[in-house]
Each structure stands twice: as structure tokens, then as C-alpha cells.
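Read on for two forms of one protein chain; each stands alone as C-alpha cells, with the labels structure 1 and structure 2.
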Structure 1
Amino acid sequence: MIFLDFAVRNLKRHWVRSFLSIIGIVIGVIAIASLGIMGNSINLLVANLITDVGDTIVITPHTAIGDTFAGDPRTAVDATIPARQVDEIRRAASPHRVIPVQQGADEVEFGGGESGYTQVIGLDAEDIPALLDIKVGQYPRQNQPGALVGTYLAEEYDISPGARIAIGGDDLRVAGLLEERGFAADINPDYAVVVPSAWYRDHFGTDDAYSMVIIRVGDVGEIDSVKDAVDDQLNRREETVDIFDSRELLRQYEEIYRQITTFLVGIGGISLLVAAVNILNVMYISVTERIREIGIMRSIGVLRREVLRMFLYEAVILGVIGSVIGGAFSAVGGYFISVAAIEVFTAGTTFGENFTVFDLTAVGFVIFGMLFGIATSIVAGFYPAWKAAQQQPIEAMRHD
């Protein structure tokens, strides 16, 4: 223990240098752990949102640039799925429910003279209850048209069931308000107006052509077989439709956030690298200042490995203190950074209200950051410690 006491004594003698080295380690550990926690939290949030529709297959028209990631804005071109192909999808997906969807946009005038361009979604009246939940009001009927308004659109314009709205000049009664649905693999009606498909076709003057087709699979285990059946039916000769399910979307976002998390942790690693250089410098200066002391110790029988151990103790002490402090701060900082990021990501929705930021992975990031900080300190302090251990007693005692 005497060599540990020597290490502590030297760190206290040069407390300013020691303090600055510890600060560098603290910053590095905080950067690694807190940023890693943030990336993991957002990844978990996206996974929770997408898996809410884990039984859904989405079929969209294939375009020349269709082989990109789901949601790529470059795929937003004027392409549709004709009614003939919808019938083929029904046959291939039987007995699972097939829901054709029409989507457009038009100017919607609300009560009080307020208006704005809003997404309009057309669904068969009997398909609406299978896809969307009512918050208040009732579902419209095919022969008695009415509109369903997304929850955030209703809040923004203070809309309630029974109110009248005008879509592109055509008057329509609000039958009900929709429950919050959030981000989904198929449609996102929170800021949209949903109408029966018959009214949609009359208003927009479209035929039986659809923006997408949704398949609700009763058994999640059958998703792959249904996708294969649809692909064989429609894409046998040429690529006419793109088929994906929420699991693919989840995998894409997991890959994106894995890369983001790696990048964020890399930033923290750079911070620790800077701290390592500082420790290397501090330790090297310490060895240079104590060459005569090392010579005296070696002359009275202290072994090289004991000198090496004494200087490594200094690096370990710096690493442990900095890593423990950094781990504590990163747990707190990671929590608040994650909460802020989730609030931005969910755009004020209720999806982030009951979301748990910390899980085993988040704790793992804290532990990883602390261990990485300690290991970095030891590696940085090894060369100066080895240099000290190699000093020849006679030459070291002559050093001025």
C-alpha cells in the first residue's frame, strides 16, 4: 500500500494538474454515456410507435426510385394502384382484410373562417372502424357522408362533432374526432380529414385508383407468407408495387439510430482521447520531475515493477475519480437530454408522456462510459510509468 500512498501524495501535491485531468475524463464519460442514452431512448420510442401496427402490410405503387427507404420524399410522385390490382391483392391476401386508401390534399375551411390546406384520406366506410378509433362522435356511413377529423387538427381549430367544414368548397358535417394515432407505417391521420371513399371520388373526380393498399394480417406469423403471395401475384413479370411491413420500417430506423448512436459515442470517444493526451502529458511531467526520487527508490531496492505500479496507480486514481463523477453526471444529463429530444421528436403528442428513458441498455451506456474512461486513463499512463521504471538508479540520482 505504500506505493498507493505515494501516488495519492503526488496527485495532492500537483492538485491543479490532477483536477484538470479529472475534468477531461468527466467530460469524455458524460459525452459517451449521455449521448448514448439519448440515441437509445429515441430508438426505443420509434420502436414502440412502429410496433403498435405490427400486423400491417403496406403496398404502394412502384416507381423508378421506389427502391429507397420507407418514407423517402422522392417517392411522392403521382402513381396509383388501379382497382384491378386491388382485386388481385384481395385474392392473394385472402382471408385477411384488405383496405384500399386514397390520399390527397385540399383547402379546408373550418368554423370561424379559418382555413388551410389539409391532407384528405378516403376510406371505404366499412374499413374505417378496422383501421381507426373514434375519440368522440360516430363513424360515417357510406350513404350518409360525414368527416372524421384528426385529434390535433381538431384541437388546433377547436372542432367538435356536429360542426360543419368545407373541403374545397364542398360542405361536410363532422361525424367524429379520431383518437391519436401518432407515427405509423401506413397512414397518419392526426392532422388529416378522413372521408368515405365514395365522397372522396365524387369530390376529387378520381376513379377507383388508390394511393396505397393496407393489409391487416390476423396472425403476425403469416405476414411473410402474405407478402410473398402478393409479390408473386403482382410482381411476377415486372415490378408494379412495393411491399413492406412495419417490421421493415422498424429495422430501417434501428439501423439509422444505430449509426447515429455510434456517431454520438464516437464524439464522446474523441473527448476521452483529448483527456488521455492530457493524462499522458501530466504523467510524463510527473516522471520528469521525480527522476531523482525514482533513482533513490531504485537504489534502496525498489523493483522496476513496483515503480511501474506506483505511477500506474496515479493514472488509475485519476481515471476512477473522473469516471465515477462523469457516470453520475451522465445519468442525470442523459435523462434530461433524452426527455428534451423525445419532446421534440413527438412534436407535443402524448406518446412520450409515459415513456421510460432508462432501461438496461441506458445503464449499460453509463457503465461502458465509466469503464472506457478508466481504461483510457490506464493506457495513457502506461508509457510514462514504463519510462519511470526503466530509469537506471545511478543515472537517475545524477539528474538535477
Structure 2
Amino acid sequence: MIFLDFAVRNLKRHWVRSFLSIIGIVIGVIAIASLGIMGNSINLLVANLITDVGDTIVITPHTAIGDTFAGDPRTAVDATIPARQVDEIRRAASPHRVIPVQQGADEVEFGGGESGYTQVIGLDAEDIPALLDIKVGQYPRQNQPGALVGTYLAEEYDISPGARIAIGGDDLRVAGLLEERGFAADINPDYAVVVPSAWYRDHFGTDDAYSMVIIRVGDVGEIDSVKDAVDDQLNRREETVDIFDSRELLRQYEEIYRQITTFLVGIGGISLLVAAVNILNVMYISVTERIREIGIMRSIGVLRREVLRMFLYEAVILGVIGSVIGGAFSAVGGYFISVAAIEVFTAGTTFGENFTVFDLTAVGFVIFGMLFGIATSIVAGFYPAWKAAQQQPIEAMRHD
């Protein structure tokens, strides 16, 4: 077809301009697609990091600090919940499972001369399977003490089930390793040693002080009534405990990554605009330069729609080449950016492992970027060509 041939020849004749147009489109597509991929990866990652425990109530001793996060070390150090109150909580929360938690820290020898000051968590042996999953080994029993080691700690000191560690000089066998747990509302044992509460009490000599009480409520709908019951029971005269539930924590996390998403969408929107203006600019100039030529062609019998078709071919050729290159670049670029971002976000953890950057959404972003590039090129090339074709041939010919 003559107009397609024309379009190709025009692009070749002005190859520098064509090249610049393509670069403009490539940059636009990259900006959109790689930002999309990055935002998507971060969202996936954050969603991955949060252990969803939507049915957990966490009770911590009331402190002057107030609404601190349950894992805040000050809470654990400053105050404790006495056994009497734990019983009251049990009564109030019945029939839901109540898990009192003791937390301390001690020098732990991991064998091979390596040791470190480590968090030690004491849990009733019966409660451990309800709260924590093990990766390898077995849960310890109350009468047969053993330690469960957090996954990062195990990795750092190369510990496997059956190994022997010493907590503050007391020997203990490692019964198993814990699954990674991440940021949860209650406890994070990834860097800790978990021991049965009997052993904990023997070792630390504390039998009446709990740093936290966890209530597992089977039905999310009952969370509020359980909270109220506990509140009634313990905080009637004065505030003795603070009561959180995991929904609040999840809401906080959701708020944070909603903000991250908004931020990235904002940047994405701006780059979308910049890319569009860039493509518009390049295409507009290249068509405007040729208004005279359009006038000549119209004067010797080229129809308006044929002019448009010719420029459409040009825009599509540029748009497709630019978008394909841009799409390829952003697929590669987005991958590396995401990998880098994940490394920063998950430094020292294993959450980033086996994390795939390219899910359907990421591919969707690349396709969106490419379609956007092609569409913008077409609009940008079409509009000035249409304008020129609307003019009387003689007016167009006078243009320069």
C-alpha cells in the first residue's frame, strides 16, 4: 500500500527524528511500567511480611507510655501481669484459649564457642502448637523440656534439632526450629528461643509475672465482646492492662502500605503525564514540520483520510517499536529495581527468598505501559495531522 510505503520512507528519511521519537516513547513506557512493577512488588512484599492473625487479642500491662506496640521492649521490661490477673482474664475470656507469655533475655551459648544475648520466650507447652508452627523437629512437652529456636537465629548459628544450647548456663536440647513468623500482633520469635513455661520459671525464677497475655478468639465477630469482658474485669477501678487486637495492628499496616501505594501511584501518574507530554511533543513537531507537504499532497488529490492514514501508520510504527523496546527495558529494569528494593526492605530476613517479581499484575503493568505508549503516539501524531488535513490545501502549503 502506497501510504504505508510512504510512512516507512518518511520515517527513514527523518531517521534522527524517528529515533528521537522512539527514545521519547521508550522512556515514557519505561517510566510507567517499571514504577508499576516496583509498586506491585512492594505491595506483594508487605502483604507477605504480615502474618495475618486476625483473631488475636493481646493484653499487656498498662504503662504510662500508653498505646505502645505490644512488642515494644519497654512494655516487657517495665511491667508485668501477675498470675492473679491471668486467672481473671481466663475467667473473662472463657471459653477462648488464653495464652500467658513470659519474655526475658539471657546469654545463650549455641555451641562451637558462639554465644549471644538472646530473647527467651516462655509459653505453656500446650499453648505452643496453637501459637507457633515448627519447620523441623518436634514441639517440646511440659515434662520433657526442649527449646524451639527462631528461624533467623537458627540460620545465624547453624542450629538444627537435637543440638544442645545453654541458656544462662542451663543446658537445653533443641527440639525443633520455628517457621518464620514475621511481624505479628503478638510475639515475634524469629530471633528468639522459645521454651516451655515450666523450664522458664525454673530458670528465671519468675512464676508470677507475665509480659503479655494472648487470647485466641476463634470467631472475629466475638473479638469486641471478649475485649469488653476483659476490660470490665481488669480495668474497672483503674487501668491495669492495655488491650489490643490484631485487627488494629493490621489496620495500621494496611494504612502504611496504602500510603506507599498512593505515593507510587502519584509518581506513576506524574511520569505518565511527563511521558505523554514528551511523546506528544516529539510527534507534534514531526507532523507540524510537514504541514506544507500535507498541503501539497492534498492539492494533487490525496483525501483527508488518506493523509490521516499515512500519519497513523507512522505513529503506529514509532509507537510499536518504542513500546516494545520500552516494554523489554522495563521488564528487565523493573525486575532489578524490585530485587534491589526487596533486598533493602528485607535485609537480614528470609522473606525476600522465593519472591517472584513477575506476577500477572507486573506483566499487566508492562502491557499497560506499552499500550499507553502506542495510544499516546497515535493521539499525538493524529491530532496535528488531522488539523493540517482540515486546512485548505493552499493554507497548509503556505505553512513553514
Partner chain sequence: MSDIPVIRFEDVSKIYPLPAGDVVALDRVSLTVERGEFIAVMGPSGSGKSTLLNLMGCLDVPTSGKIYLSGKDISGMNDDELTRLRRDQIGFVFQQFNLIPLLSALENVEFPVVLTPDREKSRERAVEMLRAMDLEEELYTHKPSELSGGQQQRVAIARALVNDPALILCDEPTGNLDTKTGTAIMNLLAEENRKGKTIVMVTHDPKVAEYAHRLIQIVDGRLV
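Take the two forms, find the largest set of C-alpha atoms that superpose within 1.5 Å, and that set is the rigid core. Because the structure is a prediction, the values reported are computed rather than measured. Each residue is numbered by where it sits in the sequence of structure 1, with counting from 1.
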Exercise. Which of the two shown corresponds to the form predicted together with its partner chain?
Worked result: 2
For this session: Determine whether the C-alpha of residue 296 shifts by 2 Å or more between structures 1 and 2 once the rigid core is superposed.
Result: yes
Exercise. Does residue 200 show a Cα shift reaching 2 Å between structures 1 and 2 after rigid-core superposition?
Worked result: no
Exercise. 2 Å or more on the CA of residue 160 between structures 1 and 2, with the rigid core superposed, yes or no?
Worked result: no
Exercise. With both forms fitted on the core, how large is the C-alpha shift of residue 260 between structures 1 and 2 in Å?
Worked result: 7.8
